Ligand code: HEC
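So this first bit is one chain, no partners, the form predicted alone, shown in structure tokens.
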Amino acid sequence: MRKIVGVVIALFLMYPLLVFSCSKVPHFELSRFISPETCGGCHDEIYAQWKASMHNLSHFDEIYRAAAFYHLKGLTESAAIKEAEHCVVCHTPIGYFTGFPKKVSEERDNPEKIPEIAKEGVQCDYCHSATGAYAVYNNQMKLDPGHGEANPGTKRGPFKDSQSDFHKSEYSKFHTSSEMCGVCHDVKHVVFGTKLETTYEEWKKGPYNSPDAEKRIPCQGCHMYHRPGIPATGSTERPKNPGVAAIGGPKRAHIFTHYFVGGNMAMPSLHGDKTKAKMAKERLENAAVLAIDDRNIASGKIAVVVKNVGAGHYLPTGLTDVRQMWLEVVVKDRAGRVVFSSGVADAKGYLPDGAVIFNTVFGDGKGNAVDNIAKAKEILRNHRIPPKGSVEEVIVFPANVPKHLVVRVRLLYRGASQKLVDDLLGAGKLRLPVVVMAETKKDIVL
């Protein structure tokens, strides 16, 4: 009897999540949401920061859209189809919560039906209408939007004394927490439960989530301090950003920035924002450091140590079967001739076999790797670098290398493999930029 009572109590406590997961997604009329341009009328600087950010471009990201459509092809298993259809929940959230598109195939087949406001991606009124979350993954956001411009309702944010002539304002602890970000930045397979993206979980279990509230650095503590020339990582200063949140508003010690670029150089640049592309590059350049350990060089081995000094999550993070972070090792003799190399891309930008790549590999449940995460039932490999952690990669040289060597190692990054981009968009359509995250060189005498 006691066990039965315990089960009933557990189900009662889980009821909100069960309702969300098992019933229809809460529906809101599109008219309840306000366009970002309207918000920009008062919050002009914040609006300019957000425009062409990865939040703004979440619906228009060319690689995302091509991959989402591509991953639907040839699927027959209902569980895989359900996952492949689900990307819109985070990438086009207002469209999803107001009725169109509910599925990737609807976006693919009837793009003209998507309302203009929904195309603006992760936007002002979506985030600032949030009151909490049913669960911190798969965009299970609790929303309380107003009723359009005539009755905009309450907008929530980090200040306790905000006032507006246009809308009600309310302080929200949720908006200052990493849980706010984790709602979309943790993703589980909707049927299999496989953890597909774990950025929030990586932070939650990591050193930046200190039990001491004074020392804790939430996602916003880096990503919403980031601005041109200030990468705001764990390895750099994160100075406050004094200013005003709205025209005529009070001067504040810190205004949370809304550039939201992460490490993506390609998309902001494609959409005309070179500043955000440069910001992404600066952030990547302050995320990791390299060292060469040659103590075992006599046996033809060196160790390359890669340390995550700047990211509050793993390197790389996000959809890490797609992200590409790797080691390029080039060994030359005293005359400058290459005697060994690893991870050097060819003319197409493709990596050779044997390159040291930091990534995740998903499987079909039977030990076979899958390229389509809709089929992901297991994680076969998770080779990445935790926050403030390091990994050591052993490089073995051929037996006939000369006695005097010059070893150069670079840690390189791009948002996806060039082969994947070529498969999705067509060869030559888009060459992804490669960022040198870290570099080191050492002269070695055997």
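Don't overthink the numbering: it's just position in the shown sequence, from 1. Keep in mind that what you see is a predicted model, and the values were worked out from it rather than measured.
Another form exists, predicted together with the ligand; not displayed. Remarks below refer to it.
*Asks:* Of these, 343-351, 293-301, 84-92, 108-116, which stretch puts a heavy atom within 4.5 angstroms of the ligand in the predicted complex?
*Replies:* Answer to the contact question: 84-92.
*Asks:* Though only this chain appears here, would residue 203 touch the ligand in the predicted complex if you measure heavy atom gaps against 4.5 Å?
*Replies:* Residue 203: contacts the ligand in the predicted complex.
*Asks:* If we define contact as a non-hydrogen atom of the residue within 4.5 angstroms of the partner, is residue 382 a contact of the ligand in the predicted complex?
*Replies:* Heavy-atom contact with the ligand at 4.5 Å: absent for residue 382.
*Asks:* Test of understanding: in the predicted complex, would residue 418 fall inside 4.5 Å of the ligand by heavy atoms?
*Replies:* Residue-level check for residue 418: no, no contact with the ligand.
*Asks:* Residue-level contact is defined here as any heavy atom of the residue lying within 4.5 Å of the ligand in the predicted complex; does residue 397 satisfy this criterion?
*Replies:* Close contact is absent here: in the predicted complex, residue 397 is far from the ligand, nothing within 4.5 Å, heavy atoms only.
*Asks:* Would you kindly say which of 184, 133, 306, 327 lies with a heavy atom within 4.5 Å of the ligand in the predicted complex?
*Replies:* Here the answer is residue option 184.
*Asks:* Considering 162, 269, 194, 359, which brings a non-hydrogen atom within 4.5 Å of the ligand in the predicted complex?
*Replies:* Contact check passes for 162.
*Asks:* Taking 275, 386 and 438 together, does each of them reach the ligand in the predicted complex with some heavy atom inside 4.5 Å?
*Replies:* Not a single residue of the candidate spot has a heavy atom within 4.5 Å of the ligand in the predicted complex.
*Asks:* Within 4.5 Å of the ligand in the predicted complex, counting any non-hydrogen atom, which residues from 114-134 show up?
*Replies:* The stretch 114-134, when checked against the ligand in the predicted complex, contributes 122, 123, 124, 125, 126, 127, 128 at the 4.5 Å heavy-atom cut-off.
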